[in-house]
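A single chain, nothing else alongside it, follows as structure tokens in the form predicted on its own.
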């Protein structure tokens, strides 16, 4: 990967001698910015471009270039790659478009590219990308002119879109952030975000990694890398809704995934997710400061009105504005004389015009263990206080470094003044109390999730009866049918979960004396009906044998009257479970991220309220508990309005076992346990219904 960022030589295919085309721009741009390596062009005519030699075939280039860049029609690329392979070039950047993103799933050209790459053991970026940038090396592959190249940047940026990536490079520079390295992945035919993430994690000159993505090619691998990373990772993931999927596919062949799964994966790995460009930039800026270690905030403000706005913003993000201690108030009285404004949090500093006092008060606030960070509103006149404000900023930067707490500064002045401060001053500033509070929220949330990730605990030492699962799958395949409810419950039992007591009555049998305690429930077993209640295939609270017989007879009669009567494979009789809170636990296999586990309120509520929490499987007990606490229904489980708590420990155990089963048994593509009836604390739960799907069941 290093060769893509610090090549000693580049060859650009598609460079024109006479017209300012894209290939020529790449060569001229690198010459203009001072690229220290050797440049070559390959085009239809031999000659020179501003002293850069251009050949008609790569075989004539006097050395083996480190990287070949293609800006030629898509159909020419495989043959040109073959020429590069014979020359000995192993690093390829295909900036050309016109591959599968425009061919409606025709992957012929891409297959040819991969075949040539495999033949010569090439590494390939693209197609449909703008390659890489290394600012310190003064090397730029994008086909756009750049100037004023910054150096010493510690931000590395990965973008699936060259256009978005280029605009973000310019945007962060406008806010005083220096980018260090950049990579555009395009269609991700071979190298993708996982490869570049791995490189930037190991790169000693990268402190922060930011990504713009439209889809994940290897979601689980990305998750595993991000979860082990100590550097902040910021992701803006577009293509979140069905309406944008078609547009994204035509742009970079991204496929729209389940955005809830993406959100769960990023949260679990402590990746900061943002929604737009401004959040993207602010997140990059705030993680460059020391992180919040809690949610206690001191608000200092030169404006009383902005102090009120700050209090609202802090409340919105769950910050606690702890009152200043008496010792702090007494200290303030020695620093300046107050006449009107009360000493409280938020602290109104509207009476002060000596800038050295601001710095002193800020330091006194930072000294207090009561606070994890400070929000400072600095309202000033650019004409009279511009120079002093910049001196104040420098003082703030030193105090933040000294006390290792973030100070989010809101600079409120003329528009031109703020733009200049944001661009020229190294310390990040914000334009409103809401924006500053949001930045503190990013810092606090990242700190919380990083701690939760690093302290997730151990996975279950899990064992399951694989022979039972395999036998049930074999029966369903041989019978060309779905898994029946009793078999699905047997799969759960194989994972160490105990369903309620039950027995199976074959469809032609008449039940005699049963070994279960009344009352009981009876459920249809049918390969044609997975949702039994929708066709009247469930009866509950049957108090004796007579009611049981009547229920079974009534089901048979109702089913026979349906336009397409389902097959009757039998009936499942179960002891009625005690009352409790109906929950849902399920999981499925996501195409990008692998097994995921879902938990929430069950019964009819799972579809009405959609109150669920998602994690990538397998999960630890600590992560399973976090899932429950994410639910709007958590107070119900924890015990609300005088009710005792439910047996959350038993529910956590079930979540962990189902997640481990999904991870250990790739043949299970989906599993639903609904309802899981959770009883009061210490009384366990009742598993009364389940659905399990193997691959053939979903075809």
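Numbering follows the first chain given and starts at 1. Since this is a predicted model, take the numbers as computed values, not measurements.
Not pictured, yet referred to below: the form predicted in complex with a small molecule.
Student: Decide if the three candidate residues 523, 540 and 582 all line the small molecule in the predicted bound form, where lining means a heavy atom within 4.5 Å.
Tutor: Yes: each residue has a heavy atom within 4.5 Å of the partner.
Student: So, in the predicted bound form, is residue 132 in contact with the small molecule at a 4.5 angstroms heavy atom limit?
Tutor: Contact check for residue 132: no, nothing within 4.5 Å of the small molecule in the predicted bound form.
Student: Mark residue 137 yes when one of its heavy atoms lies within 4.5 Å of a heavy atom of the small molecule in the predicted bound form, and no otherwise.
Tutor: Heavy-atom contact with the small molecule at 4.5 Å: absent for residue 137.
Student: At 4.5 Å between heavy atoms, is residue 625 in contact with the small molecule in the predicted bound form?
Tutor: Contact check for residue 625: no, nothing within 4.5 Å of the small molecule in the predicted bound form.
Student: Do residue 327 and the small molecule come within 4.5 Å of each other in the predicted bound form, heavy atoms counted?
Tutor: Because no heavy atom of residue 327 falls inside 4.5 Å of the small molecule in the predicted bound form, the answer is no.
Student: Which listed residue (425, 445, 530, 360) meets the criterion of a heavy atom within 4.5 Å of the small molecule in the predicted bound form?
Tutor: The residue in contact is 530.
Student: Can you work out which of 576, 321, 503, 260 has a heavy atom no more than 4.5 Å from the small molecule in the predicted bound form?
Tutor: None of the other options qualify; the answer is 576.
Student: To test your reading of this chain, name the stretch in 138-146, 164-172, 531-539, 469-477 whose heavy atoms come within 4.5 Å of the small molecule in the predicted bound form.
Tutor: Result for this chain: 531-539.
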